[in-house]
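Take a look at this single chain in C-alpha coordinates; it is the form predicted on its own.
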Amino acid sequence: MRRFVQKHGWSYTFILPSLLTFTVFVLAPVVWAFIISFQEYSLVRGGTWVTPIYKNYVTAFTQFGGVFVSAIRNTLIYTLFTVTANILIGLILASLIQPLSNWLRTFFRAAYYLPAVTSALIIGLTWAYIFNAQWGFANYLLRLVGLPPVRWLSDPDIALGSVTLSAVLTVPATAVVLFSAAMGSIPREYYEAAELDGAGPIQRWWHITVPLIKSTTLYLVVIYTIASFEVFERIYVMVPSGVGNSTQTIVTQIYNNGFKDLNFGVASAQAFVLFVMIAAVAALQFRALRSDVEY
(Lines give C-alpha, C1' and ligand atoms only; values in the text may rest on other atoms or scores of the structure.)
Protein backbone atom coordinates (compact mmCIF):
# COMPACT_ATOMS: atom_id res chain seq x y z
CA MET A 1 0.00 0.00 0.00
CA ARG A 2 2.81 2.40 0.94
CA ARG A 3 4.61 1.62 -2.32
CA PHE A 4 1.36 2.24 -4.26
CA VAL A 5 0.85 5.61 -2.54
CA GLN A 6 4.47 6.62 -3.18
CA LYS A 7 4.17 5.67 -6.85
CA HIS A 8 0.69 6.97 -7.70
CA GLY A 9 -0.15 9.37 -4.84
CA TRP A 10 0.47 12.56 -6.81
CA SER A 11 -1.64 11.26 -9.71
CA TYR A 12 -4.68 10.74 -7.48
CA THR A 13 -4.07 14.13 -5.84
CA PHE A 14 -4.52 15.84 -9.19
CA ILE A 15 -7.85 14.07 -9.94
CA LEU A 16 -9.14 14.51 -6.37
CA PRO A 17 -10.94 17.87 -7.05
CA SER A 18 -12.78 16.40 -10.05
CA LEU A 19 -13.64 13.27 -8.06
CA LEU A 20 -15.05 15.33 -5.18
CA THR A 21 -17.07 17.50 -7.58
CA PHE A 22 -18.49 14.40 -9.28
CA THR A 23 -19.35 12.83 -5.92
CA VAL A 24 -21.08 15.92 -4.50
CA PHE A 25 -22.95 17.17 -7.56
CA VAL A 26 -23.61 13.95 -9.53
CA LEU A 27 -23.27 10.73 -7.54
CA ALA A 28 -24.85 11.93 -4.28
CA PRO A 29 -27.98 13.42 -5.97
CA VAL A 30 -28.43 10.24 -8.01
CA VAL A 31 -28.25 8.04 -4.90
CA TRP A 32 -30.59 10.40 -3.04
CA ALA A 33 -33.10 10.35 -5.91
CA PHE A 34 -32.98 6.53 -5.93
CA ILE A 35 -33.87 6.50 -2.22
CA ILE A 36 -36.70 9.01 -2.76
CA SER A 37 -38.16 6.77 -5.49
CA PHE A 38 -39.23 4.42 -2.65
CA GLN A 39 -40.62 7.19 -0.46
CA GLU A 40 -43.45 9.67 -0.22
CA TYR A 41 -41.34 12.80 0.02
CA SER A 42 -42.28 16.27 1.25
CA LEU A 43 -40.02 19.33 1.33
CA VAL A 44 -41.40 20.11 4.81
CA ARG A 45 -41.83 16.68 6.44
CA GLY A 46 -39.07 14.78 4.63
CA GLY A 47 -39.51 11.24 3.33
CA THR A 48 -41.53 8.27 4.57
CA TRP A 49 -41.23 4.79 3.07
CA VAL A 50 -44.21 3.73 0.96
CA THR A 51 -45.94 0.37 1.19
CA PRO A 52 -45.46 -1.73 -0.81
CA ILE A 53 -41.92 -0.52 -1.46
CA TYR A 54 -42.46 -0.48 -5.26
CA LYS A 55 -45.64 1.62 -5.03
CA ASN A 56 -44.17 4.70 -6.75
CA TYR A 57 -43.02 2.60 -9.71
CA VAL A 58 -46.52 1.14 -10.11
CA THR A 59 -48.06 4.60 -9.81
CA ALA A 60 -45.63 5.94 -12.42
CA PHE A 61 -47.04 3.56 -15.03
CA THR A 62 -50.72 3.65 -14.02
CA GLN A 63 -51.47 7.29 -13.10
CA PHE A 64 -53.59 9.39 -15.47
CA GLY A 65 -54.57 6.41 -17.60
CA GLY A 66 -51.02 5.25 -18.24
CA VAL A 67 -49.73 8.48 -19.84
CA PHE A 68 -46.18 7.44 -18.88
CA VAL A 69 -46.41 4.49 -21.27
CA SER A 70 -47.35 6.91 -24.07
CA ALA A 71 -44.44 9.13 -23.02
CA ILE A 72 -42.02 6.16 -23.31
CA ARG A 73 -43.37 5.30 -26.75
CA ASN A 74 -43.07 8.92 -27.93
CA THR A 75 -39.52 9.16 -26.57
CA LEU A 76 -38.46 5.97 -28.36
CA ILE A 77 -39.94 7.20 -31.67
CA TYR A 78 -38.26 10.60 -31.30
CA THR A 79 -34.92 8.95 -30.41
CA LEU A 80 -35.02 6.46 -33.30
CA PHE A 81 -35.57 9.13 -35.96
CA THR A 82 -33.36 11.89 -34.57
CA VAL A 83 -30.34 9.70 -33.76
CA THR A 84 -30.46 7.96 -37.14
CA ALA A 85 -30.83 11.26 -39.00
CA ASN A 86 -28.15 13.07 -37.00
CA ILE A 87 -25.57 10.33 -37.56
CA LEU A 88 -26.30 10.02 -41.29
CA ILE A 89 -26.42 13.79 -41.92
CA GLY A 90 -23.26 14.37 -39.88
CA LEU A 91 -21.43 11.59 -41.72
CA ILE A 92 -22.48 12.83 -45.16
CA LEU A 93 -21.63 16.49 -44.45
CA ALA A 94 -18.23 15.58 -42.96
CA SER A 95 -17.49 13.38 -45.98
CA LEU A 96 -18.38 16.22 -48.36
CA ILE A 97 -16.17 18.83 -46.69
CA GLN A 98 -13.21 16.49 -46.06
CA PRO A 99 -11.75 16.70 -49.63
CA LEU A 100 -11.79 20.53 -49.56
CA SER A 101 -8.79 22.71 -48.84
CA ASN A 102 -7.76 23.40 -45.23
CA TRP A 103 -9.24 26.92 -45.35
CA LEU A 104 -12.62 25.72 -46.63
CA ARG A 105 -12.69 22.79 -44.18
CA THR A 106 -12.11 25.17 -41.28
CA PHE A 107 -14.79 27.54 -42.57
CA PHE A 108 -17.44 24.81 -42.92
CA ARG A 109 -16.56 23.25 -39.54
CA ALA A 110 -17.08 26.64 -37.88
CA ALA A 111 -20.28 27.29 -39.84
CA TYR A 112 -21.78 23.91 -39.01
CA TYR A 113 -20.78 24.20 -35.35
CA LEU A 114 -22.81 27.39 -34.82
CA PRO A 115 -26.00 25.51 -33.79
CA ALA A 116 -24.04 23.85 -30.97
CA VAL A 117 -23.36 27.20 -29.29
CA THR A 118 -26.94 28.40 -29.77
CA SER A 119 -29.36 27.93 -26.90
CA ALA A 120 -31.74 25.00 -27.31
CA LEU A 121 -34.56 27.35 -26.25
CA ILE A 122 -33.74 29.77 -29.07
CA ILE A 123 -33.69 26.94 -31.61
CA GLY A 124 -37.01 25.65 -30.25
CA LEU A 125 -38.60 29.10 -30.42
CA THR A 126 -37.40 29.52 -34.01
CA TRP A 127 -39.02 26.25 -35.05
CA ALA A 128 -42.20 27.19 -33.17
CA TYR A 129 -42.43 30.33 -35.34
CA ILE A 130 -41.72 28.31 -38.49
CA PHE A 131 -44.50 25.84 -37.68
CA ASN A 132 -47.02 28.49 -36.55
CA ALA A 133 -50.39 27.57 -38.11
CA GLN A 134 -51.42 31.15 -38.98
CA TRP A 135 -48.27 32.94 -40.15
CA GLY A 136 -45.49 30.39 -39.98
CA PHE A 137 -42.95 29.97 -42.80
CA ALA A 138 -43.84 26.30 -43.34
CA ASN A 139 -47.48 27.10 -44.14
CA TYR A 140 -46.35 30.06 -46.29
CA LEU A 141 -44.43 27.62 -48.49
CA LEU A 142 -47.45 25.30 -48.66
CA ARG A 143 -49.69 28.19 -49.79
CA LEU A 144 -47.17 29.08 -52.55
CA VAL A 145 -47.69 25.65 -54.11
CA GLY A 146 -51.49 25.72 -53.57
CA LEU A 147 -51.65 23.36 -50.58
CA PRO A 148 -53.83 24.01 -47.51
CA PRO A 149 -52.19 25.09 -44.24
CA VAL A 150 -51.28 22.42 -41.69
CA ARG A 151 -51.74 22.58 -37.90
CA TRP A 152 -48.16 21.45 -37.33
CA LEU A 153 -48.09 21.80 -33.55
CA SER A 154 -51.77 21.54 -32.61
CA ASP A 155 -52.85 18.42 -34.53
CA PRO A 156 -52.27 15.41 -32.21
CA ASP A 157 -51.61 13.17 -35.22
CA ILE A 158 -48.60 15.15 -36.46
CA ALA A 159 -47.42 17.26 -33.50
CA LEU A 160 -44.73 14.76 -32.43
CA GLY A 161 -43.68 14.36 -36.06
CA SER A 162 -43.29 18.15 -36.36
CA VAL A 163 -41.07 18.32 -33.28
CA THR A 164 -39.03 15.36 -34.56
CA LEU A 165 -38.72 17.01 -37.99
CA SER A 166 -37.39 20.18 -36.38
CA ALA A 167 -34.68 18.13 -34.63
CA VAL A 168 -33.81 16.26 -37.82
CA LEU A 169 -33.47 19.48 -39.85
CA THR A 170 -31.19 21.12 -37.27
CA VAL A 171 -27.60 20.51 -38.39
CA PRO A 172 -25.88 17.98 -36.06
CA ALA A 173 -22.92 20.24 -35.29
CA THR A 174 -21.04 17.89 -32.99
CA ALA A 175 -21.32 15.01 -35.45
CA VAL A 176 -19.97 17.10 -38.35
CA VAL A 177 -16.96 18.33 -36.37
CA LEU A 178 -16.05 14.98 -34.78
CA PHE A 179 -16.56 12.97 -37.97
CA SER A 180 -14.44 15.51 -39.86
CA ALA A 181 -11.64 15.28 -37.26
CA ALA A 182 -11.77 11.46 -37.30
CA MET A 183 -11.58 11.36 -41.10
CA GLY A 184 -8.62 13.74 -41.07
CA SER A 185 -6.67 11.42 -38.78
CA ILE A 186 -6.88 8.39 -41.13
CA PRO A 187 -3.45 7.79 -42.74
CA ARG A 188 -3.46 8.76 -46.43
CA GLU A 189 -1.47 5.61 -47.27
CA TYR A 190 -4.62 3.52 -46.90
CA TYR A 191 -6.42 5.53 -49.57
CA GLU A 192 -3.40 5.55 -51.88
CA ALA A 193 -3.04 1.77 -51.61
CA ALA A 194 -6.75 1.26 -52.30
CA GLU A 195 -6.58 3.63 -55.27
CA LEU A 196 -3.67 1.62 -56.72
CA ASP A 197 -5.83 -1.49 -56.38
CA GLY A 198 -8.53 0.20 -58.47
CA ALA A 199 -10.99 1.17 -55.69
CA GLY A 200 -13.28 4.08 -56.57
CA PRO A 201 -14.25 6.99 -54.25
CA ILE A 202 -17.40 5.24 -52.97
CA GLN A 203 -15.53 2.00 -52.35
CA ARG A 204 -12.73 3.84 -50.49
CA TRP A 205 -15.31 5.67 -48.39
CA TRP A 206 -17.26 2.53 -47.52
CA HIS A 207 -14.33 0.12 -46.96
CA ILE A 208 -11.81 2.51 -45.36
CA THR A 209 -13.47 5.64 -43.98
CA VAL A 210 -16.59 4.12 -42.41
CA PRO A 211 -14.82 1.22 -40.58
CA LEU A 212 -11.97 3.41 -39.31
CA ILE A 213 -14.29 6.01 -37.76
CA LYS A 214 -16.38 3.38 -36.00
CA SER A 215 -15.22 4.44 -32.52
CA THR A 216 -16.30 8.03 -33.26
CA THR A 217 -19.64 6.73 -34.59
CA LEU A 218 -20.16 4.78 -31.37
CA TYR A 219 -19.44 7.85 -29.24
CA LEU A 220 -21.84 10.01 -31.26
CA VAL A 221 -24.59 7.38 -31.26
CA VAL A 222 -24.39 7.11 -27.47
CA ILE A 223 -24.37 10.87 -26.75
CA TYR A 224 -27.16 11.56 -29.27
CA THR A 225 -29.23 8.72 -27.81
CA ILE A 226 -28.84 10.08 -24.29
CA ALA A 227 -29.73 13.61 -25.47
CA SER A 228 -32.81 12.34 -27.33
CA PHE A 229 -34.01 10.28 -24.36
CA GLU A 230 -33.74 13.45 -22.26
CA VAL A 231 -35.50 15.76 -24.74
CA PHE A 232 -37.37 18.49 -22.86
CA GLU A 233 -36.54 22.06 -23.92
CA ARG A 234 -37.71 21.59 -27.52
CA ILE A 235 -41.01 20.02 -26.38
CA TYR A 236 -41.51 22.61 -23.65
CA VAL A 237 -40.99 25.55 -26.04
CA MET A 238 -42.74 24.26 -29.16
CA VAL A 239 -45.82 22.72 -27.49
CA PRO A 240 -45.90 24.28 -23.99
CA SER A 241 -49.47 23.19 -23.29
CA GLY A 242 -49.02 19.77 -24.86
CA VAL A 243 -51.28 18.14 -27.43
CA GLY A 244 -52.93 15.50 -25.27
CA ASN A 245 -50.57 12.58 -24.77
CA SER A 246 -49.11 12.82 -28.26
CA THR A 247 -46.19 15.08 -27.28
CA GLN A 248 -45.53 13.77 -23.79
CA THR A 249 -42.02 12.42 -23.25
CA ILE A 250 -40.37 10.77 -20.27
CA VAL A 251 -38.72 13.98 -19.07
CA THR A 252 -41.88 16.08 -19.44
CA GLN A 253 -43.61 13.53 -17.21
CA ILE A 254 -40.77 13.75 -14.67
CA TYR A 255 -41.05 17.56 -14.79
CA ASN A 256 -44.84 17.49 -14.32
CA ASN A 257 -44.69 15.13 -11.34
CA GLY A 258 -41.64 16.67 -9.70
CA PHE A 259 -42.01 20.42 -10.23
CA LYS A 260 -45.73 20.94 -10.88
CA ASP A 261 -47.38 18.32 -8.65
CA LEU A 262 -44.46 18.07 -6.15
CA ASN A 263 -44.82 14.28 -6.32
CA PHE A 264 -41.11 13.66 -5.88
CA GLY A 265 -41.39 9.92 -5.23
CA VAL A 266 -43.13 9.15 -8.53
CA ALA A 267 -40.89 11.60 -10.41
CA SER A 268 -37.79 9.87 -9.00
CA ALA A 269 -39.19 6.46 -9.95
CA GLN A 270 -39.75 7.68 -13.52
CA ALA A 271 -36.23 9.13 -13.57
CA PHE A 272 -34.80 5.72 -12.67
CA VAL A 273 -36.88 4.03 -15.34
CA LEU A 274 -35.25 6.49 -17.76
CA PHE A 275 -31.81 5.69 -16.30
CA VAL A 276 -32.33 1.94 -16.80
CA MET A 277 -33.56 2.47 -20.37
CA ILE A 278 -30.54 4.62 -21.28
CA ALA A 279 -28.11 2.15 -19.67
CA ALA A 280 -29.70 -0.79 -21.50
CA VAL A 281 -29.67 0.95 -24.90
CA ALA A 282 -26.10 2.18 -24.40
CA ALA A 283 -24.96 -1.36 -23.54
CA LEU A 284 -26.56 -2.68 -26.73
CA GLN A 285 -24.91 0.10 -28.76
CA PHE A 286 -21.49 -0.62 -27.28
CA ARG A 287 -21.92 -4.30 -28.10
CA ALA A 288 -23.11 -3.64 -31.66
CA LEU A 289 -20.65 -0.89 -32.63
CA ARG A 290 -17.50 -1.73 -30.67
CA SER A 291 -14.41 -1.73 -32.83
CA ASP A 292 -11.10 -3.53 -32.45
CA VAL A 293 -9.57 -1.63 -35.36
CA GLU A 294 -6.58 0.57 -34.48
CA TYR A 295 -4.38 2.62 -36.77
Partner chain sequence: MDKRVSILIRMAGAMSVLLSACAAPVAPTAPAAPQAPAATEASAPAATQAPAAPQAPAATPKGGLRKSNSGYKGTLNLWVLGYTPGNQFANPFDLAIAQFEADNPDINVEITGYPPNDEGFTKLTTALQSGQGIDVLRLPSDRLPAFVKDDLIAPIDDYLTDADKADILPNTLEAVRLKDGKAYAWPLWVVPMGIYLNLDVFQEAGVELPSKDWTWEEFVETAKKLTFQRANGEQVYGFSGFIDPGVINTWGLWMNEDPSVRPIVDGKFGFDSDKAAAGLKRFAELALVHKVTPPDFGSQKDADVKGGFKNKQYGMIVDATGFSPQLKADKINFAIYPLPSVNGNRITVGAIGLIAVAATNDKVKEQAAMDLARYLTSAEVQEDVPPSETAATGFYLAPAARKSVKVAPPLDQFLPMLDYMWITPLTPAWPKLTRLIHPEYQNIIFGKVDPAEAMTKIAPEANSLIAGQ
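Keep in mind that what you see is a predicted model, and the values were worked out from it rather than measured. Numbering follows the first chain given and starts at 1.
The next section is about a form of this same protein that is not shown, the form predicted in complex with the partner chain.
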item: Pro156: touches the partner chain in the predicted complex, heavy atom cutoff 4.5 angstroms; value: yes
item: Partner contact for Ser228 in the predicted complex: the partner chain, 4.5 angstroms, heavy atom; value: no
item: Distance check, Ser241 to the partner chain in the predicted complex, heavy atom within 4.5 Å; value: yes
item: 4.5 angstroms heavy atom contact with the partner chain in the predicted complex for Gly65; value: yes
item: The unique member of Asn132, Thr216, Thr209, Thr174 whose heavy atoms fall within 4.5 Å of the partner chain in the predicted complex; value: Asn132
item: Selected contact from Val26, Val58, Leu262, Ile53, since only one has a non-hydrogen atom within 4.5 angstroms of the partner chain in the predicted complex; value: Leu262
item: Proximity to the partner chain in the predicted complex (heavy atom, within 4.5 Å), stretch among 156 to 164, 180 to 188, 109 to 117, 82 to 90; value: 156 to 164
item: Stretch 24 to 52: residues contacting the partner chain in the predicted complex, 4.5 Å heavy atom cut-off; value: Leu43, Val44, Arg45
